[in-house]
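Listed next as structure tokens is one chain, alone, in the form predicted on its own.
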């Protein structure tokens, strides 16, 4: 079973790399946003000492784009595989559903780490001080956030009608969550109804956790966000098992 997992993981990696738009969207766009906005803000405002003066935390925004790009890519590929009958054929193999879908998640998590590594390299080269953070802890926070967001991506992939609309629907549902994540302004400024919705979204707790790591407060100070991300993952995973379609 493990051998099948690694073979499928390798196949999914090659499929991803053969799609230029997927690579650009998942890895290229966050780096471009990071550089362009970083230059616009001025690298002097990106260090930890002056981060409070910046209008928002640019590295966290770029990290969110990596996670959301992975989820949109997941929605698109799952929908494409379903429509093409590939999911149905995979389901007929000895591989378990956990192995099949787990390979997709693993590939997205690896690409998330690659994306963060690119941000770190770019930050140290072009924006000195932009990535002065505990990278191990920040990476772990991003991975937990990505897993939670990917679980929501599976729900969306289960419900989209055709592969043609998968990417637009995924983009239209996932990326707007950044606006109410608390990255640009405090959640207390939102109307009560929208605030309730915001607290139910993984991006809100992802921002809270990553900001806590960035500020040096650690995971313990943001255990509510950690629990919320795990709960969202559990709820979305449970929902996916009910509504996921193999054909």
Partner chain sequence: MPSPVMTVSHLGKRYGSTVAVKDVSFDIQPGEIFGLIGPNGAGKTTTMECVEGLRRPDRGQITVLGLDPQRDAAELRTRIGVQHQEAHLQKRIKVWEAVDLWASLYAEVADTDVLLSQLGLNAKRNAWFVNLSGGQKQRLFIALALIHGPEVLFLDELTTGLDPQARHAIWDLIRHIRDRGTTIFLTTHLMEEAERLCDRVGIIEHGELIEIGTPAALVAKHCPERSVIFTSDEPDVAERVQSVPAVTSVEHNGSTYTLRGEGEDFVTDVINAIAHQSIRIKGFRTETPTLEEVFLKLTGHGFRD
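The shown structure was predicted, so the numbers you read here are calculated from the model rather than taken from an experiment. Numbering follows the first chain given and starts at 1.
The same protein has a further form, the form predicted together with its partner chain, not shown here; the description that follows concerns it.
A.B. asks: Just one stretch in 82 to 90, 109 to 117, 146 to 154, 130 to 138 has heavy atoms within 4.5 Å of its partner chain in the model of the complex, so which one is it?
C.D. replies: Heavy atoms within 4.5 Å of its partner chain in the model of the complex occur in 82 to 90.
A.B. asks: May I ask whether 14, 18 and 95 each come within 4.5 Å of its partner chain in the model of the complex, counting any non-hydrogen atom?
C.D. replies: The answer is yes: all three residues contact the partner (heavy atom, 4.5 Å cut-off).
A.B. asks: Can you check whether residue 242 is within 4.5 Å of its partner chain in the model of the complex, heavy atom basis?
C.D. replies: Outside the cut-off, so no.
A.B. asks: If you apply a 4.5 angstroms heavy atom cut-off, which residues in 137 to 168 are near its partner chain in the model of the complex?
C.D. replies: Contacts from 137 to 168: none.
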